[in-house]
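So this first bit is one chain, no partners, the form predicted alone, shown in C-alpha cells.
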C-alpha cells in the first residue's frame, strides 16, 4: 500500500481526532481560567495545582533545580508562584503534564525516551537563549521548545502506517523528514503541532514558535521566539541530544540567526549553562506521577 491508499490525512482531521482521543488534564483549563480571572489569588492557583500530588512534586523539583538557581528552598507551590510567577508556573505545569498525555506509540516509530530527551534539551537551550537576551517570561520558551515536535507524536499516534512509510522513505532517500511530510501530506509536523496546541487553547506565545520553528520568518507575532526554538532545535540535532523527527541537522535560517543577535562566541557559554540543566530537568519531568 502507498500513502494514497489510506484515508485522507488532512491537518484538520488529525487535530480533531487527536483532541478527541488525547486531552490535557482538566486541571490545566481550570488553572488557566483562574490565572486569567482578575480576582484570583496565588492561593487559588496553588489550590488547583496541589490537587495533583505528582504534578506538585515535579513542579517543586523544577523550582529547586539548576534551571532556576533559587538561593532559598522553594517548599510550596505558593512560594513557587511568588518567585517564578503565576503564568510561568502555568506554563511549567503544561510541560510537566503533557508528557503523560500520549500513550501507546509504537516503539519502532518513536522511542519516547529519546524523543522527550531531545524536546527537553531544545526547551532548555531555547530558554538559555532567552535568558542571554534578557527576554521576559523565559518559561514560555522552555515550553515552546519542549513541545516543538509534538506534531511528530500526533502523526505517529493517529496514523501509524503513514508515519512508518515516511520514516522508511527518509531512510531510503536520505532526504529530510520535513521535506517528505510537506511533499506527501501538504503540511509538516510543526504546523500540525501548532494546530493541536491552538485547539487545546494554549497561549499563542507558545503556539507560534512551535508552528513556525522550521520557518521562523513566517510567524506573525512571535518571530523572535520562533527563531530561538529554531536555533535550539538545530543545536540539539547537531549535538545528537536525544532523537527528534529528523536524522540529520535541518538547515539554519540565516535571517533568524541575525535576528537573535547572539554572537557566535557566546554560544559556548549558552550551551554550558544549558548542559547542567538538561539531564536534571529530563529526570524530573520523566519521573512518573509518584515522585
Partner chain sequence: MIDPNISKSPEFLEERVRYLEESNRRFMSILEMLASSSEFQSDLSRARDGEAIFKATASQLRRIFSFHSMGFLDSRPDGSFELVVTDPVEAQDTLQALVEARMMDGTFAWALNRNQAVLVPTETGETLLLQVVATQSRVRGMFTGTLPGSSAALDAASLNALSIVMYTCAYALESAFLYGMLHDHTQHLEERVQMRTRDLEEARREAEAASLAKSDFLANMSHEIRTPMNGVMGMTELMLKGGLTPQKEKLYLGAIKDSADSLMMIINDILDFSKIEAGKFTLEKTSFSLRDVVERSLSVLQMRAEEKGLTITCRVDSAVPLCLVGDQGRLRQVLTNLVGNAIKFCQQGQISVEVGLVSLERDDAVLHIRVTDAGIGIAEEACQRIFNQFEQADGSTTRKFGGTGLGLAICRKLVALMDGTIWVESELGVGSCFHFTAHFQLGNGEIPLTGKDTALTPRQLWQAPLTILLADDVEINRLLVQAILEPYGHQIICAEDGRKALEAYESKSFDIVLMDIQMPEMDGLQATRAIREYERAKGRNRAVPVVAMTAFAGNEDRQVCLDAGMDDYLTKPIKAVELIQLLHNIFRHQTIYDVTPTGSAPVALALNECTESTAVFDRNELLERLGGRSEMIPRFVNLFYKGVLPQMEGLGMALSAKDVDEVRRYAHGIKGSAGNIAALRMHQVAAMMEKTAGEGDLTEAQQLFALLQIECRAFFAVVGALGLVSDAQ
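Bear in mind the structure is a predicted one, so any value in this text is a computation, not a measurement. Positions refer to the first chain, counted from 1.
Here the subject shifts to the form predicted in complex with the partner chain, a form of this protein not shown in this document.
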Exercise for review: Tell me, please, which stretch of 133-141, 214-222, 105-113, 160-168 lies within 4.5 angstroms of the partner chain in the predicted bound form when heavy atoms are compared?
Suggested key: 133-141
Check your understanding: Is there a non-hydrogen atom of residue 76 within 4.5 angstroms of a non-hydrogen atom of the partner chain in the predicted bound form?
Key -> no
Review point. Do residue 97 and the partner chain share at least one heavy atom pair within 4.5 Å in the predicted bound form?
Key: no
Practice item. Mark residue 127 yes when one of its heavy atoms lies within 4.5 Å of a heavy atom of the partner chain in the predicted bound form, and no otherwise. Key: yes
Point to revise | Residue contact check: residue 41 to the partner chain in the predicted bound form, 4.5 Å heavy atom | key: yes
Point to revise | The unique member of 51, 254, 240, 33 whose heavy atoms fall within 4.5 Å of the partner chain in the predicted bound form | key: 33
Practice item. May I ask whether 184, 195 and 249 each come within 4.5 Å of the partner chain in the predicted bound form, counting any non-hydrogen atom? Key: no
